[in-house]
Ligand SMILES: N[C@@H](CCC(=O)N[C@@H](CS)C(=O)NCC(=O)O)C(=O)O
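Just one chain follows, in the form predicted alone, and it is written as structure tokens.
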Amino acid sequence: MLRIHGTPRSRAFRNIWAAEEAGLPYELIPTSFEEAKSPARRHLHPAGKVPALEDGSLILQESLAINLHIARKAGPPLLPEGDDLSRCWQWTLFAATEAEPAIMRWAYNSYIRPPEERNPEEARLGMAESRPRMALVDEHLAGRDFLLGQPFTVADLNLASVWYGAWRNGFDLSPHPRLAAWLDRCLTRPAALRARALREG
């Protein structure tokens, strides 16, 4: 059984969603940000962060890598074969290196930090940095329901999970209608709704 250490209101949400999509049994081990820093848990994540995954003797960190592992266990269609496998890697790295740093700059200064700690200029810059990344995906989605066309894959899950906070917390997606519709399709899937119930409940 997969053991996911973290809280649904962290990046562990992505792993819960992946396990739900994969149909794999999992146990969520509630672990706060502070608990993750304790010496007793450093074997799970040397940096003292969440999430971490235990799968038998395997321990993994990094939420998007964990999702690729979960998808590999499930196989197609969540993790396809051939060239589409490489495309899943491509979009996962895009999520990590292009999408997430920009959107988190906006998120920290829009809804994550207490109001007195938010910097409106940083929020503006995060939004400005996110726009070209979103425009690229919006253009790519022309004529496609999902990033690889059909069906939904871990590529969609990983990128949509990075932009979940923006979708949920008022980022203006109107300039990117195909992206907005794609996020709606991804984040209202039955497995996503089950994961969201844990995060949003």
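Numbering starts at 1 and follows the sequence shown. This is a predicted model, so every value here is computed, not measured.
Below, we refer to the form predicted together with the named molecule, which is not included among the displayed structures.
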{"query": "The single option of His69, Lys49, Arg41, Arg133 touching the named molecule in the model of the complex, heavy atom within 4.5 Å", "finding": "Lys49"}
{"query": "The named molecule contact at Arg178 in the model of the complex, heavy atom, 4.5 Å", "finding": "no"}
{"query": "Ser161, heavy atom within 4.5 angstroms of the named molecule in the model of the complex", "finding": "no"}
{"query": "Heavy atom of Lys37 within 4.5 Å of the named molecule in the model of the complex", "finding": "yes"}
{"query": "Glu62, heavy atom within 4.5 angstroms of the named molecule in the model of the complex", "finding": "yes"}
{"query": "Interface segment, criterion being heavy atoms within 4.5 Å of the named molecule in the model of the complex, picked from 50-58, 170-178, 149-157, 135-143", "finding": "50-58"}
{"query": "Stretch 10-48 - residues with a heavy atom within 4.5 Å of the named molecule in the model of the complex", "finding": "Ser10, Arg11, Arg14, Phe33, Lys37"}
